[in-house]
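This document starts with two versions of one protein chain, written out as structure tokens and named structure 1 and structure 2.
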Structure 1
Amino acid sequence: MVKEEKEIANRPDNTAFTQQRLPAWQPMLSAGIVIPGFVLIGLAFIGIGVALFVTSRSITVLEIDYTGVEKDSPCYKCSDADVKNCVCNLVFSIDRTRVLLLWFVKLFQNYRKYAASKDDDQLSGDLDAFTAPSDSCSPYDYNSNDKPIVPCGAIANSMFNDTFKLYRVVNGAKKLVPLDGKGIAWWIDYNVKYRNPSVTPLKNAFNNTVKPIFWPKPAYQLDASDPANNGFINQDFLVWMRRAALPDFRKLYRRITEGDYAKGLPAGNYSLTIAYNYPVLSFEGTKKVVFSNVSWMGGKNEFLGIAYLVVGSLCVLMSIVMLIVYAKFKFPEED
């Protein structure tokens, strides 16, 4: 008897909401609804796919390999890892406007141990992490003299450090093309994930620490022309720390949008001076410089348009198959 009263006391109220008796709409998926639906979805996807594919095809990309493997390459002498402070020049022509300068590297940034080799506390400006780097940075946490490395880890240590200067050649004379390096990193990286220590001058925050092994200069001197673009919020550093998912990847180096080149590089002859600092032959990597224009959908990406076309075509094909099955096996009462 007591047990029965206890069960009654815990029983939900006898309302339409608690007893799940509210009226609900349950769609009746008949052939007259499903087949036209698949056709409309397929046509919409095909239309979007065509627009994306045509737009992507209109984007022109110029790639120049400067790894220096071939003996006739202007950068062949620089590919030797023992050669320091090497500079090579590439001469090329452009027939259509380009507004982006990117670099291309073949490197496995998606390797698990490589991706974990960093100290998030250190990169967020925590001074305690400067003197005691995380174990995840090993073996790039301390140098041979047992001094902490800042920033530590394999990702920071392998930062891409080739630099480029672009010249337009007119009647044999070279004119420097201004390159805009502001705002090339992700907003969330610059404003949220990476922060400099609240120490002025910034150099003092790095006392009793050393730079990464393969860096030519410390983090607080990455950009001598702009003091605000140093430390962990340096644009090139942020671009590198945003890891790529695939081994063949491109990353933005500069935009060409200033001065006489507000609309990009006009057609003509150009010369690119490269400070060749980043060795890649030891791991069979390659390096390319890429000039590209952009559209409303961004850079060149034919895969997205093809994916929409494939999905749309499959929807239309399935609607045809369902129509044939329905016409052949429909029930008499549906006539």
Structure 2
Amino acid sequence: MVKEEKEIANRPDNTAFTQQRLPAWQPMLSAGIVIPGFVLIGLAFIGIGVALFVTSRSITVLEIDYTGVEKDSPCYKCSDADVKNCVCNLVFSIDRTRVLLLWFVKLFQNYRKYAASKDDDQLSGDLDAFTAPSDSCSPYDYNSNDKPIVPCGAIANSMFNDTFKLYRVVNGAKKLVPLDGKGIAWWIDYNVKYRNPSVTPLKNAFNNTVKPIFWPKPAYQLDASDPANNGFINQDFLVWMRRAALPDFRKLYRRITEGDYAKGLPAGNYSLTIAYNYPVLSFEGTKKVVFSNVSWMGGKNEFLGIAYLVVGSLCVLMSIVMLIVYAKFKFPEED
């Protein structure tokens, strides 16, 4: 009797959870599911791939390298490091309408030390950080006279500063094409992430600080024509600060959507005047100017279309192989 009581006391719980008897769904990847599944995925991917490929084909991109390495390049004279304020001129023709002007640079914005070299507090308008920039910005935090640099850091210091003026050549005469620089950066950058200090005029917030060493003008003078485009919320500055993931990248410079060019640049001859300020030859970088269109999938992206087509075809092929294997091994069993 004692033994029975002891047994009952030590008996473990007899619930479904503790006795591994929980009801369960036991899916089985049988041929009836896998083979039609592969066919479906394959066909869907082929469909998407065709749509992407056709869309990408309809977008054209014109790229012109203006680094000036070759002797016969129009910008060769600017590639000399000693020449300052050089201006060079590119002449080209466009065969289809384009709406975007981008610049392409080959440089490592994703290098770790470079990527960490900025002060988020400064860039969100915190005046305390103006007088004491954070250590992560060094050696671009104080200049040789121990004055704080605003905005500090290597990313801000290396801001892209080539400027472009586009002219349409009509009957030998050059006509300036208006370029739209509003909204080229992300809304979140312009409105939330980067804030100017709330001091008016903005110039006063920058007392006792110096501009980044490489910059020609301080932050509050980045755009003389538009007062709302100065300080840290300058559109070109924001575009530059959105750090690229890969070593070569193209970022938006301007859109061509104003006035006579509401539908983009029509076919014709054009001339681009470039203020060549940004030195890339010292680290073997390259610079290009790019004219492009956009579509529902973004710019021209042949990779996605081709990748979807290839993966879709492979899925369909695999499903055929699996069907053959299944048929061959199943039916002899059942006789």
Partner chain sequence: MAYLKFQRSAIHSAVSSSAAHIGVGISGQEGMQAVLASDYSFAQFRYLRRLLLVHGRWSYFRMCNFLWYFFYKNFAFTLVHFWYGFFCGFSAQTVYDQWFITLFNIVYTSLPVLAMGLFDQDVSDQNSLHYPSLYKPGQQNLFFNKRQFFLCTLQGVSTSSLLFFIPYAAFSVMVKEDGSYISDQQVFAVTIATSLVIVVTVQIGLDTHYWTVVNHFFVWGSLIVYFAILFAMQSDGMFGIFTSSFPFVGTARNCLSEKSVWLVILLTSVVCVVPGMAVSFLRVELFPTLTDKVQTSSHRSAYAFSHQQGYGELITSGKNMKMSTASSTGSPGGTPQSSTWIENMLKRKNAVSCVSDEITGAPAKTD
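Note that this is a predicted model, so its numbers are computed, not measured. For clarity, a rigid core is taken as the largest C-alpha set superposing within 1.5 Å between two forms. Counting starts at 1 and follows the sequence of structure 1.
J.: Would you check which of the pair is the form predicted alone?
T.: That would be structure 1.
J.: Does superposing the core leave Leu29 with a CA shift of 2 Å or more between structures 1 and 2?
T.: True for Leu29: a C-alpha shift of 2 Å or more.
J.: So with the rigid core superposed, the C-alpha of Phe17 shifts by how many Å between structures 1 and 2?
T.: C-alpha displacement of Phe17 between structures 1 and 2: 10.6 Å.
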